[in-house]
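As structure tokens, one chain now follows by itself in the form predicted alone.
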């Protein structure tokens, strides 16, 4: 690290205090989100496919959730490592992570609504439970074990053995626990950081550093089990001990890319002039490259290789569903677009340091992070896979399987949910400093240079 400043940091109020510029962005994002979601509701009503609508809702909800979780992870590792370089960009990450205060609405409200309306539909005295198409079984087939067993007896036996974990009350309790921790933790870190803006008390930095250690452990547990609950249990007979870490890599890919884009846009509005420099952008690009590209590819290959090599039907069927029909092209697109192309793009230091090229790179990564979640959530595992004697026979039957990527609901919901996320983050930034202006490590961050 060099002690020489390469740029002059503007620490004036106009450069570091949120004001009407961010308010306008927040209102515009909220308006776009509302319009997109209204149009999505109209399109969904005309399509008349509750299951398809629910899956698109879940997929895009998980996507914006990963953007907030990625920012939360960034905040935690900055504190626990006592890193100085990230102080210049940490407030943007804190505001992005604070979306976890309200994201529960996108998950818990629909979950409890499906649960309550289904109980009303069947009557609370019906011990047989759920009928497919109603209740949580609209999304997660294990919620109606009777229907699942009738459709695929072998799969029903496997899922029945997991009923101590995969049952509706416990599922809802776990979801509440995840969001309670995320909301409480992100609120505490954000408020404590803002308190330091006013008091300048260095002990608050130590307090956040000590709190980051248990928070990281709880972050790992909650994000892993959330991935098990909301994504892996969509195919309830399938299991992978690496799925949680694969989901974590996706969190980093989307979350770090969204953070870089947020910093670029905040500076584009005239904030943090000379505060966030090419040095900071280079390090953000490094984190995208390391966690979101290289680590993601390593975990993706490891999971695929181990499952395919083991050749257990209840495991390999999950990948078969993603290799037949049009889904094969999505798998190839992820290989190219989530790994090979961005690997070569981000490996150069200049692509990470120039604002124009970095913008292209993070938009690309955000798009493929969304496609990765789509690839995890949307494919339907064939229940009749055991009836086929060869892979070619199965592939021939499902050769016309559609990905549904052409459905406009995908993109209306994406715009709506991302718009809400942008509105939430910019609204918070408009009410405080966009820089951790009295953090004791700020001077280190302002003088940061890559070697």
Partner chain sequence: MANLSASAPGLQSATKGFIESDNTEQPTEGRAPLVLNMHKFGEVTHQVCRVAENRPPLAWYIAFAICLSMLGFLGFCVTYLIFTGVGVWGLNNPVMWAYDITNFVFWVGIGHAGTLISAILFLFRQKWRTGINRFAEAMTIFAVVCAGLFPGIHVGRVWFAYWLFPIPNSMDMWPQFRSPLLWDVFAVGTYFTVSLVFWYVGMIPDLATLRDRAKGRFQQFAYGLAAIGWRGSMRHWHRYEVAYLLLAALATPLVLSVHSVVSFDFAVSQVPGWHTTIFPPYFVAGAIFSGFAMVVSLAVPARQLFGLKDLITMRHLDNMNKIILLTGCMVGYAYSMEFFIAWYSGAMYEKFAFVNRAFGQYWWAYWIMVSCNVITPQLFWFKRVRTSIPLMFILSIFVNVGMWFERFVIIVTSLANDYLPSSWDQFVPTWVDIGTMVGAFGLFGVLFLLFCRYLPMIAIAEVKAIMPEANPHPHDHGVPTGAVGALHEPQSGGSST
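A quick note: this is a predicted structure, and the numbers were derived from the prediction, not measured. Positions refer to the first chain, counted from 1.
Omitted here: the form predicted together with its partner chain. The next part is about that form.
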Between 277, 99, 193, 233, only one gets a heavy atom within 4.5 angstroms of its partner chain in the model of the complex; which residue is that?
233
Please pick, from 325, 337, 244, 110, the one residue with any non-hydrogen atom lying within 4.5 angstroms of its partner chain in the model of the complex.
244
Exercise: residue 359 in contact with its partner chain in the model of the complex, heavy atom 4.5 Å:
no
Residue 270: heavy atom within 4.5 Å of its partner chain in the model of the complex?
no
Report whether the minimum heavy atom distance between residue 173 and its partner chain in the model of the complex is within 4.5 Å.
no
Its partner chain contact at residue 318 in the model of the complex, heavy atom, 4.5 Å
no
Heavy atoms within 4.5 Å of its partner chain in the model of the complex: which of the stretches 260 to 268, 306 to 314, 144 to 152, 182 to 190 has them?
306 to 314
May I ask whether 24, 59 and 400 all come within 4.5 angstroms of its partner chain in the model of the complex, judged by heavy atoms?
no
Taking its partner chain in the model of the complex and a 4.5 Å non-hydrogen atom cutoff, the residues of 154 to 186 making contact are 158, 161, 162, 164, 165, 166
